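The structure tokens that follow cover one protein chain in two forms, given apart as structure 1 and structure 2.
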Structure 1
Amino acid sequence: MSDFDLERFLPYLLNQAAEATSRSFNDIYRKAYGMTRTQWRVLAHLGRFGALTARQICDRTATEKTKVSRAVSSLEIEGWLARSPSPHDGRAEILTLTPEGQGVYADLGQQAKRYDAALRAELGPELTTELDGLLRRLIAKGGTDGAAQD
């Protein structure tokens, strides 16, 4: 008997906090645009950084390539994303948002900013910057391997 307490386990706490804080925002992009979380991430990254390849998105978001691949397909089908061949690498494709996709990004980005501000307001400015720092340290430490499961 190890008397291990899951409720004090840092990965568990982080996961619970992640789920608790993302719950209602999930509903927003899911109900308004029928988007999955991966789709939202891909769209947000392209909206923010412009043209990227799928691989770059994988690296930046630590997401499996199959997940990104499928998210890209569906975003393309929705008409929010366009592919063009990379001039430097015949295997890669440059991904960009269409004007419609940029509209979606603008809408959801606004809502996300408000949502984030509300969350941070509850903790206060000093604590949230502290929290950011802690989370980044944990993320950095986790390494750049595979991806996630929920």
Structure 2
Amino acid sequence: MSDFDLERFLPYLLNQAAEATSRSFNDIYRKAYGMTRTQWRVLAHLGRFGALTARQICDRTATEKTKVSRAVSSLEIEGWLARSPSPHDGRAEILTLTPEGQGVYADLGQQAKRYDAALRAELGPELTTELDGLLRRLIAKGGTDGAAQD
């Protein structure tokens, strides 16, 4: 029997923490707007960074192209997202939020700020500062040093 303990494996713990907090916030945008997690991620990235291509969103969110494509279509049907041809790449489309989509983003952004503040309050200021620093350090490391990739 191996002495490997999945429940002490840091990537597993990080994933479990991310899933738990994402699921909890998921309840907010699902109840308010009927959105999926991927739809929220697309909307949030367009709201924060402005016009992007689907490929850029895939790269920024580490989400599969098909999931982003479905989310983009759904957001467009809701009237929250608009597509336009890319002037630089005939195969790509530039995605932007419509005025209605910007309103949804503003509303969910305020709810996200409240959710984040409650989570940070639960952890306390010292732990929050330490956790922020540790997570940013792991992100900056970017899975280098021989980490396996799918």
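Here the structure is a predicted model, which means the values were calculated and not measured. C-alpha atoms forming the largest set that superposes within 1.5 Å between two forms make up the rigid core. Every residue number counts along structure 1's sequence, beginning with 1.
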I want to make sure I have the labels right. Is the form predicted alone structure 1, or is it structure 2?
2
Looking at how the chain moves between structure 1 and structure 2, which of E76, D107, G47, L123 is the hinge point between its two rigid parts?
D107
Estimated from C-alpha overlays, the smaller rigid part's rotation between structure 1 and structure 2 in whole degrees
15
Core superposition result - C-alpha of Y12, shift between structure 1 and structure 2, Å:
3.9
